[in-house]
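Read the single chain below, which is given as structure tokens and is the form predicted on its own.
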Amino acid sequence: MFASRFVTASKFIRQFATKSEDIAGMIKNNKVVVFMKGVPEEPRCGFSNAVVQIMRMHGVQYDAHDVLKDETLRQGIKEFSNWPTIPQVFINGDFVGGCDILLQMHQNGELIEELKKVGIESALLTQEQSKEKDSTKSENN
């Protein structure tokens, strides 16, 4: 009986170690990574949908992972980031936070700055610059 528990425990540890390495690889290989419920085309919760909408407004291309398809990933990402909820957003390998933090960063302009640091220009910034150019042209005519 002890031997079977030991085998089960060692399988769990090995599985978690592999999942942790997998998660680290997913985050390292992409500038922006979102672990969410569902996929960007079909979010399966309101918080994941809000993150998708924010990313869409900024025109950010990102790597998304559906935690509902893999319970090991769902638990693994929570342990990896030490953050209890989904969605989770990573920028340049660093954990940013969940929906509430991303929304706050979007509202106060921090998200534009964080994206800039990794070489991503926010679509909101380019739209604003375009509006400024258009208003300058109008004033000069």
Partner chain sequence: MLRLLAPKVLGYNSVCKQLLRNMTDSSKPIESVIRKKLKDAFSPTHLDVINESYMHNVPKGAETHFKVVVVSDKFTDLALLKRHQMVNSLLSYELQHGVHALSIVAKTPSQWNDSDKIVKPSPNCRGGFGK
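The structure displayed is predicted, hence computed values, not measured ones. Numbering follows the first chain given and starts at 1.
Beyond the structure shown, there is the form predicted in complex with its partner chain, which is absent from this document and is the topic of what follows.
Although the partner is absent here, G38 lies well away from its partner chain in the model of the complex, with no heavy atom inside 4.5 Å. In the model of the complex, at least one heavy atom of V96 sits within 4.5 Å of a heavy atom of its partner chain.
Its partner chain is not shown here, and in the model of the complex it never comes within 4.5 Å of any heavy atom of K69. Among heavy atoms of R44, some come within 4.5 Å of its partner chain in the model of the complex. Look at 59-67, 46-54, 26-34, 111-119: in the model of the complex, residues with non-hydrogen atoms within 4.5 angstroms of its partner chain sit in 46-54. In the model of the complex, D100, I101, Q104 are the residues of 100-114 with at least one heavy atom within 4.5 Å of its partner chain, listed from first to last.
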